[in-house]
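Read the single chain below, which is given as C-alpha cells and is the form predicted on its own.
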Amino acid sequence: MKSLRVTLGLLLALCLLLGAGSALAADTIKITAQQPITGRFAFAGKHINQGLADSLAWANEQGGVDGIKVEYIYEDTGYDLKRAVAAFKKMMAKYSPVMDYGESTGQGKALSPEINSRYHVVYGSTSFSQELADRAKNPYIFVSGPTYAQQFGILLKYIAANPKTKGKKPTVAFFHSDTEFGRDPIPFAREMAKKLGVEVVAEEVTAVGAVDVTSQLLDLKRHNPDYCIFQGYVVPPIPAIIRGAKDFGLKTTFMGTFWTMSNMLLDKLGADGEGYMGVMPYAYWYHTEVPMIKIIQDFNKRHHPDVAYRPNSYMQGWFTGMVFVKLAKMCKAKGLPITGPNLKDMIPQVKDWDTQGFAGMVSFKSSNATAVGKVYVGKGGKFVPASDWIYLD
C-alpha cells in the first residue's frame, strides 16, 4: 500500500511538472536582440529596432503564432562588438530565447561557432554577409534578404539584359571601400560578370568616406564604363564621384547595393540623383500600391501617428520579424515544438513564400539568404521600380 501511495505521488508530481512545463512553453515565444540604437550605426540601428518591434507587434495583433504571443526583448549595444557579445550571452542565460537578432556582421562571425554548438538559437542580423548565409557552416543563421554578392548578381543580370549599345558587350566598374564590407562580394561579382558576358573594365578602391577621389575618377574616365557599382559606403564619397564623373563628361550609370539605396543619399545627390540606380530587397515606404506597405502604413498610423516616413533600415527590421514568425508558424503547422533546432530546420523549407509584394516570392534555396531583389532608379527624389523582382538560382 505504501508503495502504491509513493507511485501515485510521483505520478502526480510528474503531471504537475509536465503541466507547468507546457504552460511555460506556451506562454510566449521569446525573441531577443542586441541593437545598435546609439553609436555610429544608430542612424540605421534605431530604425531596424523599431521595424522589428513593430513587425512582431503586428503579428501579435493577428493572433501571434496560433494564439501564442511573441515577446520582443532588446538591449542597446552602442555598436560595440564586445558589448554586443556580452549582451547576447547575458540574454541567452536570462531569457532562453529561441530566436535572436544581432547588431553586425562582426557579432555574427564572432558568435557563429557557439550559436551552432552551444546556444542553438536561430539568428538574424543587420548583415548581408555571404559567409554568414553559408548553410553548411552556419545552419542557424539567416540573412534578411540577398547577400551582398547576390545583390551584385542581381545588378549584373540587369546590366546584361540592358546593354547601353545594342550588339556590344556591356562594361562595368566596381567601386568599393577597402573594408571587409566593401570587399565581400567582389570575387563572386567577377565570376558572375564573366558568366553573364559583362566586361569588368576597372576596380576602384578607396578608404571609407574618402575625400580625395581624383585618381579613381581619372581611372574611371580612362575606362569609361557603361555602369559602375558602389559597395561598402553609405553616403560619402558617392556624391563626389558622381559629380566628378559628370564634370568629365562620362555617361556612366551609377548603381549601389542596400546601404547606398537610401533616400538620405538621394537627398545628398539632389538633381544628380536622377537616374541613379541600385538593388533593394524590399519595397519602399512610399510604394503604397504594395499590399504589405499598406499594412505597414496602417500600423504606423495607429501606433506612431507622428511618423511621416520609414527608411530602408526599418523595412529590414520589419522583414526580419516576418521571417521569425513564418518559421515559428511552420513549426506549429508540422506539430513540432518551437525550439531553435526545429526553427533552424524550417529555413530551407521556406519556398515561394508570398510576402504580399514586399520582398518578392521568397525561398531559401541553396543558402540561408533570399537571392531576390528589385532594381530601382532615382526619379523626382524617390526610387521607382526599373525592373520586376529578379531571382538568382
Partner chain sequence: MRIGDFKQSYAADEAVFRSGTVRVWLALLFAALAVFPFLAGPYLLYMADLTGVAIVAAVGLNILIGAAGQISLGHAAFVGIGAYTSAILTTRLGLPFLVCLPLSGLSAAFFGVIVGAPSMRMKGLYLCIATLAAQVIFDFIFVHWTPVTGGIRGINVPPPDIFGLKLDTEFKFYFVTVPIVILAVSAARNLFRTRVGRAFIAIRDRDISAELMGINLFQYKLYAFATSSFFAGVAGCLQVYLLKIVTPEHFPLHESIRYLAMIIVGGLGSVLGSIFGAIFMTMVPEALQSGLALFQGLDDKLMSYLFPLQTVVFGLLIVGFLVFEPHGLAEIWRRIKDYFRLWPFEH
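Residue numbers count along the first chain shown, from 1. Predicted, not measured: the structure shown is a model, and the values here were computed from it.
As for the form predicted together with the partner chain, it is not shown, yet the points below apply to it.
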Legend entry - Proximity of Glu180 to the partner chain in the predicted bound form, heavy atoms at 4.5 Å: yes
Inset, instruction - Report yes if any heavy atom of Ala93 sits within 4.5 Å of a heavy atom of the partner chain in the predicted bound form; otherwise report no. - result: yes
Inset, instruction - Give a yes or no for Tyr72: in the predicted bound form, does one of its heavy atoms lie within 4.5 Å of a heavy atom belonging to the partner chain? - result: yes
Legend entry - Contact of Glu203 with the partner chain in the predicted bound form (heavy atom, 4.5 Å): no
Inset, instruction - Decide yes or no: are Met330, Met361 and Asp393 jointly within 4.5 Å of the partner chain in the predicted bound form, with each residue judged by its heavy atoms? - result: no
Inset, instruction - Considering the partner chain in the predicted bound form, find the one stretch among 238-246, 274-282, 256-264, 304-312 with heavy atoms no farther than 4.5 Å from it. - result: 304-312
Legend entry - the partner chain: the contacting residue among Leu250, Val234, Ala110, Ile295 in the predicted bound form [heavy atom, 4.5 Å]: Ala110
Inset, instruction - Tell me, out of Arg222, Arg118, Lys194, Lys168, which residue has a non-hydrogen atom within 4.5 angstroms of the partner chain in the predicted bound form. - result: Arg118
Legend entry - Partner contacts for 69-90, taking the partner chain in the predicted bound form and a 4.5 Å heavy atom cut-off: Tyr72, Ile73, Tyr74, Glu75, Asp76, Leu81, Lys82, Arg83, Val85, Ala86, Lys89, Lys90
